[in-house]
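Below you'll find only one chain, the form predicted on its own, shown as structure tokens.
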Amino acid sequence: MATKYSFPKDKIKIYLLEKIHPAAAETFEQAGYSVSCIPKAIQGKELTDIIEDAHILGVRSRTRITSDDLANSRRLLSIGCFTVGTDQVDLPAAAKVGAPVFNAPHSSTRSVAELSLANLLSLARQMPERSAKMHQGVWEKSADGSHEVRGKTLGIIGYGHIGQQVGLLAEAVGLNVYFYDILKKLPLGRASAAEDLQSLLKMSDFISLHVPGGEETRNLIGASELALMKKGSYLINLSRGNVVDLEAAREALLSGHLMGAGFDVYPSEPAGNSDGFENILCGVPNVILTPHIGGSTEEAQKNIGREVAESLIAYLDNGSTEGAVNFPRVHLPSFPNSHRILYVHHNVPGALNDINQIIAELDVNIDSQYLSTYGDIGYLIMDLNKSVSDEVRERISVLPKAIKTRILF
């Protein structure tokens, strides 16, 4: 017998924006859902209208979803960020309307790591300058300022999944790898942990940044940190645009203190490919500037499409919030002879007591029950007897603490 859902799959409205890889739509369709694809970023009333109509909304990095956009999200069940980060969504506001947000934190790891190593090798051989001169018709063959990387030291700031991959790739071409992270991390390969950030900056010939965004990392590399780096060293930033003070980096490059730099992220980025790009690093010699393409490979985008779509489908089909970034993480196996109630509510004292009182009054047999909280949000999954599930859902949905209630059967 085919599984039935309280709300038919063919009525679920899924919108995927910004040319999300076709693998996402294919994954939804294989699970029995239909998808509407919009090949651009949208804002304003157009975005608000779609959010009001959507059950599932998928975006990449250019669509910004604010609390105002979410204010009238009557149907919205979840948001998928088909990216590594989730900066484009007001996460607390999404949680308040009962919408968990999912992303793909690891699907582009290899692509970003490879681009980091490509920057390192290109800078060491002065390829940006040499290529630019060749395009201008200038043949300048010289070994001055060009170096092998074998035996040099790479300092990695942020030793998460990407930083670890960068370290392993760097070792393969003969670099000595050290890293610094605010959390204690187990070294991979022959990498070693630096005692602190300052010592890492002083010892490294190359610095590669792989830290998250936020106030804690804003201008993590400023004038004082650049001054600690070796004269003639290189800086690579593929993490977040606000991590490096660009004015200080420009001065260090023009003075010759830094021999070169590679940037893939910026404090301000164009909304689309048709918009121009302006930055104080434009025109500075031996600087690689790429348009935020760290994860822009066919392989990474395909992996991201599948990963986020699968997380959203798991939430639609069984209520799993495993991997959500703004929501209690709950995952329970389904009981085949039960109905499942999903209850999103305000995390205040007495929420579970209200549920249990209803259960007691109806003399209901519960097969499983799990409650988890995250900040101001509580999330309950409950499997119970089919004969009373509708009445339980109706009574729960009108509780003062209720945000959103669903039933799966």
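Residues carry their position along the shown sequence, with the first being 1. This structure is a prediction, so every number in the text was calculated from the model and none was measured.
There is another form of the same protein, the form predicted together with a small molecule; it is not shown, and what comes next is about it.
**Student:** Although the partner isn't part of this model, could you tell me whether residue 303 comes within 4.5 Å of the small molecule in the predicted complex, counting any heavy atom of the residue?
**Tutor:** Outside the cut-off, so no.
**Student:** So in the predicted complex, does any heavy atom of residue 230 sit within 4.5 Å of the small molecule?
**Tutor:** Output for residue 230 is no: heavy atoms all beyond 4.5 Å of the small molecule.
**Student:** Please run the contact check for residue 292 against the small molecule in the predicted complex: heavy atoms, 4.5 angstroms, yes or no?
**Tutor:** Although the small molecule is absent here, residue 292 would touch it in the predicted complex, with heavy atoms inside 4.5 Å.
**Student:** Within 4.5 Å, heavy atoms only: does residue 106 come near the small molecule in the predicted complex?
**Tutor:** Yes, residue 106 is a contact residue.
**Student:** Residues in which of 168-176, 182-190, 330-338, 313-321 have heavy atoms within 4.5 Å of the small molecule in the predicted complex?
**Tutor:** Contact criterion met by 182-190 only.
**Student:** Considering 89, 77, 238, 235, which brings a non-hydrogen atom within 4.5 Å of the small molecule in the predicted complex?
**Tutor:** So the residue touching the small molecule in the predicted complex, by this definition, is 238.
**Student:** Just one of 248, 97, 149, 265 has a heavy atom within 4.5 Å of the small molecule in the predicted complex. Which one?
**Tutor:** Residue within 4.5 Å of the partner: 265.
**Student:** Please state whether all three residues 145, 261 and 281 have a non-hydrogen atom within 4.5 angstroms of the small molecule in the predicted complex.
**Tutor:** Result no, not one residue of the spot touches the small molecule.
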